[in-house]
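Here you get one chain, nothing else, as structure tokens; it is the form predicted alone.
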């Protein structure tokens, strides 16, 4: 195939993935609005105008919202498509092998960006969080690229579980990981052993980056970026190995 036709195949697959998810609001809306509703409840209604708490919760619920599109967008859909034979059909089609994964990855990044924009609107206009344009852009960029490690995790999970049980099994990963990373409550408020275990979770490292984006973390960010890159690479390799072996 010529480079032009290869590029066209990638674009067509990305477009089809976007349209497929937009036509399934029952799947997209909970995934994108879940963290916004939580932030409205705890960051606006219950917070009573505490600016520091609203800023912290904006970062932590952004992390919570970024995880969902990658984890569920890849994990649930991949598990269902493997069960239904769609993945086998796509592998038999004359299309670049990476187009399928790139389309899902792009959709997860767009959904994570949408979640971040919603949270920014709520934080700035309702919670009265004062952010510079640079901080808003940093949080938006973090939302877009922060979804990628969880795409890899979701992809690996999708190769292990069946379609019908995928949402429940992924929630068993999503909720405890969020709690033990300090996304619902600041880590100093949690038991000591949870604070010590927090760095093993990728959500903890992403949260340190979102906190830096809103001006609450002034430490070096490169260790957290390296951990997330290593995490993404490891689970991507594991998922690719399982897909080659078991389909």
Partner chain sequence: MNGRTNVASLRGVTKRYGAQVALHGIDLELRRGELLALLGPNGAGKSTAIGLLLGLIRPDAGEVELFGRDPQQLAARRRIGVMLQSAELPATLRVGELLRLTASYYPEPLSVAESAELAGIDDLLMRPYAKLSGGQKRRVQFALALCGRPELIFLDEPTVGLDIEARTKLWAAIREHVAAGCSVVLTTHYLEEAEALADRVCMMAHGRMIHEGSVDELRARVAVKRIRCLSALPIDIVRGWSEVNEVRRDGERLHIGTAEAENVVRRLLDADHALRELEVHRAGLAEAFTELTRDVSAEETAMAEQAA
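Positions refer to the first chain, counted from 1. What you are looking at is a predicted structure, and each value in this text was computed from that prediction instead of being measured.
Keep in mind that the form predicted in complex with the partner chain is missing from the display, and what follows is about it.
Student: Spot the stretch among 109-117, 82-90, 155-163, 137-145 with residues whose non-hydrogen atoms come within 4.5 Å of the partner chain in the predicted complex.
Tutor: That would be stretch 82-90.
Student: So, in the predicted complex, is residue 240 in contact with the partner chain at a 4.5 angstroms heavy atom limit?
Tutor: The answer is no: residue 240 has no heavy atom within 4.5 Å of the partner chain.
Student: May I ask you to state whether residue 230 is within 4.5 Å of the partner chain in the predicted complex, using heavy atom distances?
Tutor: It does not: once the partner chain is placed as it appears in the predicted complex, residue 230 has no heavy atom within 4.5 Å of it.
Student: Since only the chain is shown here, I'm wondering whether residue 96 would be in contact with the partner chain in the predicted complex (any heavy atom pair within 4.5 Å).
Tutor: Yes - in the predicted complex, heavy atoms of residue 96 and the partner chain come within 4.5 Å of each other.
Student: Could you tell me if residue 225 has a non-hydrogen atom within 4.5 Å of the partner chain in the predicted complex?
Tutor: No, no contact at 4.5 Å.
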